[in-house]
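In the block that follows, a single chain appears as structure tokens, in the form predicted on its own.
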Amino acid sequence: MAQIQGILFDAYGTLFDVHSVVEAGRALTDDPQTLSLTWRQKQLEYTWLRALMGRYEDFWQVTQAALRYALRRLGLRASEAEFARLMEAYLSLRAFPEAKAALERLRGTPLAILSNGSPRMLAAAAASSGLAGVFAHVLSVDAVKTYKPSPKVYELGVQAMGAPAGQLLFVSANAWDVAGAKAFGYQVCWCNRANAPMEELGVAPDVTVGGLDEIPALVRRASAGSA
């Protein structure tokens, strides 16, 4: 890896555990894990489809639509109050256990979030997880009205960090996001907690880790190697 001038983190699935909504789902179903998985998959599909159709709605609206679909797909009924509680869970997602300590060890390196999330959602998740104030920039796709993996989204990181993509490290736990960021030109770290196979898209991450706690050592080695 080349010297790193700054690090950009994906939010959902990378810093914040999207499946921490499972607890909120227990009020509706004995299988909240399936609800969470269906909701998340449809949420991602709707971002890609809306980007392709050129019909942007912010991530809160997309997440609402995905939840409505997941409930219908699984034959679950939710009152307006129950629906609202599930949505509110997205404003108080837990950070992954290693996230805060890893970010503290990266102090001195410019850090940013680059996410599909709306500004309100990202601010709420950062605050509830104890990560508020850690990042120099919290960048939302709302600024360009489309979704990852559009190059327009990844360009936001270059503009905010003031460095070429090749001097920035992009970190994501989502393999499709890894592919998009690498195709754009970032150095890329895949946080592969699930030990999943890489997508067959003709690009690969520069480095793969099992958790965010491995990243500080990588950055130190990259800096030492370029000295």
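For clarity, every value in this text was computed on a predicted model and none was experimentally measured. Throughout, we count residues from 1 along the sequence that is shown.
There is another form of this protein, the form predicted in complex with a further copy of the same chain, and it is not shown here; the text below is about that form.
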Can any non-hydrogen atom of residue 157 be found within 4.5 angstroms of a further copy of the same chain in the predicted bound form? no
Check whether residue 151 has any heavy atom within 4.5 Å of a heavy atom of a further copy of the same chain in the predicted bound form, and answer yes or no. yes
Whether residue 202 contacts a further copy of the same chain in the predicted bound form should be assessed with a 4.5 Å heavy atom distance threshold; does it? yes
Given that a further copy of the same chain is not shown alongside this chain, does residue 45 nevertheless sit within 4.5 Å of it in the predicted bound form, heavy atom to heavy atom? yes
Where, among 82 to 90, 142 to 150, 107 to 115, 127 to 135, do residues come within 4.5 Å of a further copy of the same chain in the predicted bound form by heavy atom distance? 142 to 150
Between the options 29, 167, 34, 41, which residue brings a heavy atom to within 4.5 Å of a further copy of the same chain in the predicted bound form? 41
Taking a further copy of the same chain in the predicted bound form, would 13, 18 and 60 all count as contacting it (heavy atom within 4.5 Å)? no
Could you run down 54 to 77 and flag each residue that has a heavy atom within 4.5 Å of a further copy of the same chain in the predicted bound form? 55, 65, 68, 69, 72, 73
